[in-house]
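Here you get one chain, nothing else, as structure tokens; it is the form predicted alone.
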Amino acid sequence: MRLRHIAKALPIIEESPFVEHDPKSLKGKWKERFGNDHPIHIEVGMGKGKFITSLAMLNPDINYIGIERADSVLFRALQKQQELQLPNLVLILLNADELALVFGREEVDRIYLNFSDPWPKDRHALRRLTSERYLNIYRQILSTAGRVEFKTDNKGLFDYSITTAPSSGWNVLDVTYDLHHSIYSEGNVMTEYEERFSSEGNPICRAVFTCNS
């Protein structure tokens, strides 16, 4: 489902203090941006922001960065942040291709990928956020003990991802095809899509990826 275009979104985003407007200048300096030494967790493709704002409220000792490429979508997350004004949350309008231009080596401690576009056609496989192309980008910015947490309702994308990750030099852990009825459900924070899909009876798949080296 596509969110309709919001004409006023970009001007408001460009003026907001809750959005980092020059993220490339902060490469390797994000802890200075937050003014503390707390771990940094990012969500790539944050949608309307329910997941990352919830995490930021629950975990004040973690710095969160929400990343979204579409201004009309980021605008919805910004509305939540304008209301909450969470000091440990920053939003960025950015394409995932540019992550290594924004974050330094081992600067990020966790990456969340939630209900990413499955790009079902084979010719579009490299656009999937769990393709080898993107896993290589995550490797550049993720700390040694860092991890990628991946959730989707799309079984085809999930099967592709847990196969691609090991062949790209990643460990695959905590695999479940039915998150909400598994041992990994405790403490799970749901996204907007997750709430909708699970209410319709669709099982949610989840896995964790860690770097081999």
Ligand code: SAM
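Residue numbers run from 1 along the displayed sequence. This structure is a prediction, so every number in the text was calculated from the model and none was measured.
Here the subject shifts to the form predicted together with the named molecule, a form of this protein not shown in this document.
Any non-hydrogen atom of Ala70 within 4.5 angstroms of the named molecule in the model of the complex: Ala70: contacts the named molecule in the model of the complex.
Non-hydrogen atom contact Leu78 with the named molecule in the model of the complex at 4.5 angstroms: Result no; Leu78 lies far from the named molecule in the model of the complex.
In the model of the complex, Gly45 touching the named molecule (heavy atom, 4.5 Å): Output for Gly45 is yes: heavy atoms within 4.5 Å of the named molecule.
Close approach of Val90 to the named molecule in the model of the complex, 4.5 Å, heavy atom: Outside the cut-off, so no.
Partner-contacting position among Ala100, Ala125, Leu84, Leu94 - heavy atom within 4.5 Å of the named molecule in the model of the complex: For this set of options, the contacting one is Leu94.
The named molecule in the model of the complex: contacting segment from 165 to 173, 57 to 65, 140 to 148, 37 to 45, heavy atom within 4.5 Å: Answer to the contact question: 37 to 45.
Residues of 185 to 209 having any heavy atom within 4.5 Å of the named molecule in the model of the complex, listed in sequence order: The stretch 185 to 209, when checked against the named molecule in the model of the complex, contributes Thr191, Glu192, Tyr193 at the 4.5 Å heavy-atom cut-off.
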